[in-house]
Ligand SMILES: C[S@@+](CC[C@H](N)C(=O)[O-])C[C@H]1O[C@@H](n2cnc3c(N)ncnc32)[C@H](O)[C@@H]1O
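Just the one chain here, the form predicted alone, laid out as structure tokens.
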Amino acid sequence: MFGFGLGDRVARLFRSRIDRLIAAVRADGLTYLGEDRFSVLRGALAEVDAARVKGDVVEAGVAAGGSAIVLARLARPRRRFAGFDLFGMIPPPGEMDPSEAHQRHAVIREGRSEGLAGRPYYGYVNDLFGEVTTAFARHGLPVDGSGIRLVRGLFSDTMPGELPATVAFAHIDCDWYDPVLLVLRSLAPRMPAGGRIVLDDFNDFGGCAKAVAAFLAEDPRFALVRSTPTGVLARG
């Protein structure tokens, strides 16, 4: 009885700690994710932990770093975290993306996109990699190149050599059809049964959902187990 009570108190303290961290990165202007999307991230990773799926945590599309910081805290010390991003202006959508995606990118390209908490939009920051690295340290999670890594460059250039050998959980937040499909295909051979992939843009801009449909047609080992507020894929 005593052991169970102590474990329950520790779990409550950890949840409270994560609640405070989410509030902090949102107040710091580091994420566009609301409470509902953070809840999906936490729940999907908790399912992976409960099933004792082996592997690390990956985010594709770090942006200003808010969700990456939260995921790194949830992952450590049992798992390593790797965040992939160009750390610059988001590349344009492609021919498989609908018009609203191209309209959104035009707003960004023309300097009309707004940041959060009085900060500039992350794509306009000159040294985004440095700012994100500093944000990690500010929130108590220094980027050490081992337990926590940030990998800069196009996914097509970096993922072949820099993805962890085994990925238990991934958060994909890269907006358009081509990068979403590329990341899914890169993750698939590295994800064991029980793994989860959360797709932030599943209901945004159109391209992400199309990429997921194409991927599921290719790889029947994965299934869409949640579609709102974001998509979640499970590896069977």
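For every residue, the number given is its place in the sequence shown, counted from 1. From a predicted model like this one, the values you see are computed outputs, not experimental measurements.
Note that the form predicted in complex with this ligand isn't included here; everything after this is about it.
You can rule out all but one of 94 to 102, 72 to 80, 146 to 154, 162 to 170: in the predicted bound form, only 146 to 154 has residues with a heavy atom within 4.5 Å of this ligand. Within 4.5 Å of any heavy atom of this ligand in the predicted bound form lies no heavy atom of G195. Residue contact with this ligand in the predicted bound form: V57 places no heavy atom within 4.5 Å of it. Residue contact with this ligand in the predicted bound form: T31 places a heavy atom within 4.5 Å of it. Taking the partner from elsewhere, A135 is found to have every heavy atom lying beyond 4.5 Å of this ligand in the predicted bound form.
In the predicted bound form, this ligand lies within 4.5 angstroms of at least one heavy atom of each of the following residues of 32 to 68: Y32, L33, E59, G61, V62, A63, G66, S67, in sequence order.
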